[in-house]
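Heads up, the chain below is alone and in the form predicted alone; it's given as structure tokens.
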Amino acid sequence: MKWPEPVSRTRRLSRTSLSEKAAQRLTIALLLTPAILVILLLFMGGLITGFLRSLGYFPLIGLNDFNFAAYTTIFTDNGFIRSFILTFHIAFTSTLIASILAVASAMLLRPAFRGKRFVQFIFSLNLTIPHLVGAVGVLYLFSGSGLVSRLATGAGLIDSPAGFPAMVNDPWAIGIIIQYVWKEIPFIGVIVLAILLSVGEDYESVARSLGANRWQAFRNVTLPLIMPGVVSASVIVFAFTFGAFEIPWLLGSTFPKALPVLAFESYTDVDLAARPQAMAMAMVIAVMSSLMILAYMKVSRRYVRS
């Protein structure tokens, strides 16, 4: 049976479009192959190796049997539990405070005003500053002999620098949280500001014209629009602060220690039998970060559907 000319032409066009899509997919796959190989070899390879060692399989030191002894040891250790709670407190508190201040900063930077570009430049300046530099600044400012304690002493607020509240190497990790908040506010704020500028103020204007006040317009209109960006940036910040080592090592207390510091010290212990426990702690950090990513994906899908 011979098809009419329009039908055959449509079939030829559909076959051509399908072949073009297949070629595009193949091109994308080839372009992504180097990056995927690097991720598989470095990230997945290290993750699998660490998981095997956390199960007690470490032939280099004579451990050849798979077991959960390392996980049993750390989960029954009061020091590990306290370190986990402290690490979660650091990550959650710093992420929450940074997110709130970042949204407030982005809302203030959205309107046009004289000197806006300069203010935005100052706001995002510390994105280029390493975390260790900020940690040293917190150490010089808020330690017992730091600048703030000496100024408070000179102003008569305290009798001596020794009377200044402990904000560095303290059990509540105040210095660590200050450093993370200072560093992550512009990271989240730049993302939120980009969303606000792309969305504009039309939706809020409509809400205001319908009788909503400023807070109602923000809560019911602006916040749902920027929430996907806030959540995505917050997940990145939480995962980073939960697994970061250098800041808790420099500004943290001696007990309890942040979980990454505890894992590093266990791994570098002269007793090689402690290596599986260090790997088990690293797996706990990886699982916690993965759970945050899964939670972010679930929240994002809910906002997309709504």
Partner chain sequence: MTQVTLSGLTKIFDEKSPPAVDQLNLEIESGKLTALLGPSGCGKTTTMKMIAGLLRPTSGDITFNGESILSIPPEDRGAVMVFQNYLLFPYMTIAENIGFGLKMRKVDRKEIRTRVTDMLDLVQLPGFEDRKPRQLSGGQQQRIALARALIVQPNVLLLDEPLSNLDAHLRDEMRELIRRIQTEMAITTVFVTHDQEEAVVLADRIALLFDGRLQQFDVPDAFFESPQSVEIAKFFGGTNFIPGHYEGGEITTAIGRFRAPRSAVDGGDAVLSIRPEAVTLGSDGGNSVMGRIRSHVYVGRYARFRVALGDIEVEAITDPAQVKLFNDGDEVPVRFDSNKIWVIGPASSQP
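Positions refer to the first chain, counted from 1. If you're wondering where the values come from, they're calculated on a predicted model, not measured in any experiment.
There is also a form predicted together with the partner chain; it is not shown, and the following applies to it.
Of the residues given (S145, N220, S160, T76), N220 alone sits with a heavy atom within 4.5 Å of the partner chain in the predicted complex. Contact with the partner chain in the predicted complex, defined as a heavy atom within 4.5 Å, holds for exactly one of L210, I85, I129, L151, namely L210. Contact with the partner chain, judged by heavy atoms within 4.5 Å in the predicted complex, is confined among 118 to 126, 96 to 104, 221 to 229, 165 to 173 to 221 to 229. Using a 4.5 angstroms limit between non-hydrogen atoms, V206 touches the partner chain in the predicted complex. Using a 4.5 angstroms limit between non-hydrogen atoms, Q216 touches the partner chain in the predicted complex. Annotation for 185 to 202: the only interface residue with the partner chain in the predicted complex is D202 [heavy atom within 4.5 Å].
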